[in-house]
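Here you get one chain, nothing else, as structure tokens; it is the form predicted alone.
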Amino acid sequence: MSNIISEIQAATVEVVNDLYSAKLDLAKVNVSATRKDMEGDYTIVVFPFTKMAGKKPEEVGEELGAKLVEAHPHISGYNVIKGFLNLSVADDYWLSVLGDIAADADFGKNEKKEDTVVVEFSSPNTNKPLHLGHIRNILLGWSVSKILQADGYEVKKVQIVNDRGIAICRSMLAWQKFGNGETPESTGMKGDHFVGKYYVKFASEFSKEYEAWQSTPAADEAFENREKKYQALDKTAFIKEYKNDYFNTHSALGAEAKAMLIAWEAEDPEVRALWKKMNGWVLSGFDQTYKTLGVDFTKLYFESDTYLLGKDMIADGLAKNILTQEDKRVMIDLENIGLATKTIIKSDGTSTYTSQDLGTAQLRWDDFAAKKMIYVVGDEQIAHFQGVFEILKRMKAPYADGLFHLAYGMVDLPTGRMKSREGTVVDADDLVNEVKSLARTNLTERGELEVLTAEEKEDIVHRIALGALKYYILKVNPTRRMVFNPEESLDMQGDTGPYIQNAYVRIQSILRKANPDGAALTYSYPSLAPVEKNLIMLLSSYPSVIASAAAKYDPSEVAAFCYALGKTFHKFYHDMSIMKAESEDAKNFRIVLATTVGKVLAKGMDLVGIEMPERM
């Protein structure tokens, strides 16, 4: 299918060079969609041509417009407003474009690329359920993966499960001390929720222990002998700030948790057996949540397998003087990128997340030979990934130039932030269930699904609720912090998933009446209404939307396209009759147009992970 913007750019270069004996660079031809309050389809900014023409912008616009109409078969007219040349494209071109899109089952899939891309997302800890923040991470990673696939890449979807460390031991210790042998099966709880309960239990018991300690002589002594960083604090402020240090120096629970971690690293069979059992509970729970969200992975990596990786790379870095060492501590000076010295191996010889990420990147290269790796991780880790990427560049890793941190902003609820240790996290399952409940209530009140079975109704509720949740989150640029409002996400008017789904449902309702067999239709329809042309123009832009969203790793561009297409179809539905069209040709044309819009809407919404219902 031809690209009219590229054609206009090329024709403009040819005409300008011919008119003004110039050597115009294609990059200086700025073509964009014409503003809605102006006549025309595409606008050329003529200011860059005035110097080579030696004429005023209006004169250049008139000369260029007349020549383009004369030289280009698809340009049917023009007008000039100051330094802007507005071009109209002939209806027969748009009719041809619609025919091409309608006939192309793979429309929107861009040319296959040789590169493989690894997208890492989710990567939770196995001590608590997935929560609202994970939902944004998961939806971003899944959508970026789908968009990159549509843009021609081979994509590998991975996560690294953080299944070891002191946080995991806190849950294990709490279950061991307070669980009395209960299990997810005996309590009827989902596995990740069950283990998360004991993470919160540890925090609760630790807080009690810390509160009791505050009135002891040991607390007075700790305050009197406080470190330099606490010198300016009074006793109350000191107690508030000292909690983490207390865990590491005085806490009995802290000592037990650290002893458990040491035993785990020493491969104590009893501790390892408990760890495997509780991790199994959590991973089973995660799988259920992923299934609900419609997400899967090519490969899972586990921190328990990867935390010792990177040692060979570190040894090589030391040999090449890329890294430096003081006793057991290994570090690198990152002042050249505005960061402080970064520790890679701690002074006690234990690994850090940096050493693990170095080794995991190399492991993924060994697994997939992927020169592009996208890390979907919150923006609080920007400095960490800047450091990791810089180290890999200095080490001349073959994939170093293709590393990208998709740093997304936090997501809150209207009620505010969440705190996992206090048990106030809004977990993913509860949030999905809440949106489903709201969707079910809305549909029941409208009474439009009474003819369906309970199973059919529940499928529609699921699609609408997940569509509302996913669209509301993904329509926001990833870099922005956002608030998720469940009620707003289900609004049937405005920029929401259900509003776009409703456009698709309207189309399916029309087709069930107008073309139930999906027959091939012919028509002669020489003159397009503005809204009909707008729909075809939007449809034609879909491949370029995918390419742009893939280049920026930004699903919000696809979401915005779907909203624009759905909104324009709703206007078309309101303004133009299909079943009572003025002629059989007009009816057939509008059926084909509606069918094609439905097809592309479904494709676009699939890229943001949303399934379309047939009814709602």
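The first residue of the shown sequence is 1; numbering continues from there. Please read all numbers here as calculations on a predicted model, not as lab measurements.
Absent from the display: the form predicted in complex with the RNA. The rest refers to it.
Within 4.5 Å of the RNA in the predicted complex, a heavy atom is found for all three of Phe84, Asn125 and Ser351. You can rule out all but one of 312 to 320, 138 to 146, 343 to 351, 231 to 239: in the predicted complex, only 343 to 351 has residues with a heavy atom within 4.5 Å of the RNA.
Residue in contact with the RNA in the predicted complex (any heavy atom within 4.5 Å), chosen from Gly494, Gly280, Pro530, Pro73: Gly494. Distance criterion of 4.5 Å from any heavy atom to the RNA in the predicted complex singles out Met38 from the list Met38, Leu26, Met579, Ala66. Put simply, Leu438 is far from the RNA in the predicted complex: not one heavy atom of it is within 4.5 Å. For Glu434, no non-hydrogen atom is located within 4.5 Å of the RNA in the predicted complex, even though that partner is not displayed. Although the partner is absent here, Met482 lies within 4.5 Å of the RNA in the predicted complex, judged by heavy atoms.
The RNA in the predicted complex comes within 4.5 Å of no heavy atom belonging to Glu205.
Residues from 220 to 235 do not approach the RNA in the predicted complex: none has a non-hydrogen atom within 4.5 Å of it.
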